[in-house]
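You are given structure tokens for the same protein chain in two forms, set apart as structure 1 and structure 2.
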Structure 1
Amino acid sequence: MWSKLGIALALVSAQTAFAAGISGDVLRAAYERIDPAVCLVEFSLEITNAATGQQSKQNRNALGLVVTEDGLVMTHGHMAVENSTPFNIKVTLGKGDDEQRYDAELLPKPDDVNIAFLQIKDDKPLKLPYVRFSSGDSLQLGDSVGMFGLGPDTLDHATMIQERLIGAVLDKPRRTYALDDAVRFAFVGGPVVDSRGRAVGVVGFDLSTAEGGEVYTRSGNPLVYQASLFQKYIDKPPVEKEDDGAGDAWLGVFTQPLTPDFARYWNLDRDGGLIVSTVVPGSPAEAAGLQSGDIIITFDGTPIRAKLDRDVMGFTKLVRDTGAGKPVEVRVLRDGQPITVTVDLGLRPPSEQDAAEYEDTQLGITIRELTTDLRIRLNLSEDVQGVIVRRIESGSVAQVGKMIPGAIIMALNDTPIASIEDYKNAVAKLTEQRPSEITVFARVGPATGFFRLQPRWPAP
């Protein structure tokens, strides 16, 4: 019985593929239109090792796609990931004698799709061939799609076509088209055409937030990013957010969805909600008296009905977009009884990668402010004040003194250090006094201890 079913299934899928295949004429016509807009993006990347703070440089290249006449180029989000800075970006369009090479600049990366945008810089107004997209929302399960990517450099990076099926269509957390098979890396970011040859999207890869990707999945499976996800950025390219003081808001709680099991356990006649699992010390939530165990049921008038882990992300976005500095009513269940708490949403504190850094060439260390997310990751209580050592220069005073990256400097010669400002002031004073030894009080993991540094002061 099983074998019969297996055969039947195989036949069905073979027929589907055959029926849905895209004709050569259609692909050739699409190629004629798209190939001139496909470009090679070359760039250098300065990568910072998150653990050690060591920096290295690499040359990379990627596929780019010109999407406006005046030189807006779309590429995949790998160019704009945490702990790495791209520079020296060059975009090459055309082949052979028609080859044109331009400088380009990376625009701020959209945070809702794993795509990056570049703007070509040129002295005179540009009139480049570009690709126009159809909406892409018409794709269906089992449809064949054509993908355009770059060949290897031995084939002069020629534009190439591959064909794939739409292997799955998901409706949540947003409409997602998954491809049926792996694609080569040089196809990621490349345009995707439907069976009529219309450009309907690009090949995408979801990444976790830590890798600079989208927030909710890390599928490792190639997707089609339908044009409706990114058309808004083509119409209005992303710009650096102005710091108007009304940045992202934060509440300062970690939450879990109220699954039916939790609701049943607490005898709550409720469909979804968010259980406060941790209240961050020093946060607006703590100031407003929210407690772990509270169940959030409305936020600023919006009902909260989270039941799945991924629903939590919607709440994060809701809080973020509410705007800082605004008093917000949060309705929670505490011991089963509804109460209303007013929270003054604060400004989301800077995250680790945005933390201020300071390089002290005298002692040979680079330090960073302790940010809220770092305090949580390292489980540092509020009474731990200091700055964290990010890098130690080879052969420096600090290295000779056995200091290590990750140590949290809490005092220099009995002067408490709680900020980069404190550190700079302390070192400035020491530079005047020129002591032969400096004692550093630091924390490494849960332990504390002393490092004795022997500075090499420059000749006066």
Structure 2
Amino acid sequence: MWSKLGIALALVSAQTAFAAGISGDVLRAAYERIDPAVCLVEFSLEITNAATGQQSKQNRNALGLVVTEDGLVMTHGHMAVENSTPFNIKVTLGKGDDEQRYDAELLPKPDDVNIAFLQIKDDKPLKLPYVRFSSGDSLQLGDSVGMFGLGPDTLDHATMIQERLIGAVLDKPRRTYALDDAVRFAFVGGPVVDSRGRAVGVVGFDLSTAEGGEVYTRSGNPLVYQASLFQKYIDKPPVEKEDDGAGDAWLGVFTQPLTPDFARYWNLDRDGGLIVSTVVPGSPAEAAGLQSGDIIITFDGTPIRAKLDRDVMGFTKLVRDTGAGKPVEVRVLRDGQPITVTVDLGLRPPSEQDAAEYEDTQLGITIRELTTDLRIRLNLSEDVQGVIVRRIESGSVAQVGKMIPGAIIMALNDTPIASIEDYKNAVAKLTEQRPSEITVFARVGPATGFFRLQPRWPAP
């Protein structure tokens, strides 16, 4: 995969660039140790436009890093974001005659750090070169670090090194090391070494809320994710969650920060807070009497001083970690006057990201349950019952019938659909009856109507 020219160029440029930072001898030793574990990840991506339901496919590649000898690969978390599905994942490792290409599968993405993991699949046991990490929590402001990344196609994706400085050390909402300059995306997910040549972390970007970011959001600036943030996932690779968030506490509000502009507009002498923009129907917040327009200033005794969007994510984590079933006091400003309400926190319902799916191979569609957050985003009242079309297989019965992703299936023939189980039962019944046409009553945006499908039943 990598040419000798590419490696030579990388080492020469590294020796020159790091003359004033990390010594060339340290870098050469780190390169020899780490390079065999750096790999190229190639994959296809099916992307669904959340607004229109239209789907597109792209081919992409990324840097991967083998972190266990049996083929656990770490890569950047942008590979696994909402409304995109990676498939046909290939991992290329080694050089020249020793180059090997493996199939791999994407594991569930961690919730607290923007990193994804792949597991190489092979018929025989693997014993691959891999990177071991040391603690990166001792990095200091101004320290030089070396970043490993992939060169462009013209250099055969050779492993390359660049120098950066730790430009800022941020302690809240978690310890974060910010790099002092931009990096090429081919370095994202690559290992970072300190002045002693130890692998102490990887380059990363936090996701914005629009990209699916949750608790920690410092999007737009390259960071060093120190090993303490992800070593637990190397020791115990992530698996599918069985409880879909069971145990996480839920308040049931959508909020936005009380910016200085809002505070001045309402003549509030407040150093931040959270404005309640929406109270979810049937939620603990509604039961406690919280209202849209309330400004949350304390939660369970903790002052809330949110001024930025990322502070909202911190509040979400605070609520989740409090514990379901616990009564908590929430102090709010309502019409400028402080009041206190007691909320019995409930269990967080499944989110759109957690929602159960079902693939109907007969009609060629994948459906997903309607979750609370999806209903709010689509402005669906509780009387709209059904399942939402997530994907449509190319050339399928559903595609021929002009169905589109984002359509909400409310009935199949005369059978109402309110859940995935209803859909499964309806399809099983239709398979027995084998009608020449299936009428699908669905909602697309604000309109409702019918799709007429002509199934291709298998021979009896």
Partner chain sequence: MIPRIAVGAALCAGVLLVSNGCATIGGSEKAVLRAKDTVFPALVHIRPVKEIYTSGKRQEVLAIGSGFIISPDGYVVTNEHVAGESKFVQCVLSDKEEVEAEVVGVDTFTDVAVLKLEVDHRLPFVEFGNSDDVEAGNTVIAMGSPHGLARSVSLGIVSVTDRYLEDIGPMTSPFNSWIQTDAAINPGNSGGPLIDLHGRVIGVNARVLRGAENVGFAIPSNIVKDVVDDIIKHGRVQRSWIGADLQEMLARTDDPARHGVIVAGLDPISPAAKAGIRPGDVITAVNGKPLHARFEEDLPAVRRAIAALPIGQEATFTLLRGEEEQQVTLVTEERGALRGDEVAFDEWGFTASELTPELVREAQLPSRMGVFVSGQQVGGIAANANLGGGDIILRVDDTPIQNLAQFKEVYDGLVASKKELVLLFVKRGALTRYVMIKQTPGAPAPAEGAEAVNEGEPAHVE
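Treat the numbers as computed from the prediction; the structure is a model and nothing was measured. Along the sequence of structure 1, residues get numbers from 1 upward. In this text, rigid core is short for the largest set of C-alphas that superpose within 1.5 Å between two forms.
- In this pair, the copy labelled structure 1 belongs to the form predicted in complex with its partner chain.
- When two forms of a protein are overlaid on their rigid core, residues whose CA moves 2 Å or more are considered shifted, and residue 155 is not one of them between the two structures.
- For residue 146, a C-alpha deviation below 2 angstroms is recorded between the two structures after rigid-core alignment.
- Core-superposed comparison between the two structures: the CA of residue 299 exceeds or equals a 2 Å shift.
- On rigid-core superposition between the two structures, the C-alpha of residue 253 is found to move 2.9 angstrom.
- Once the rigid core is matched between the two structures, the CA atom of residue 330 is found 7.7 Å away.
- Superposed on the core, the two forms differ at residue 443, whose C-alpha moves 8.8 Å between the two structures.
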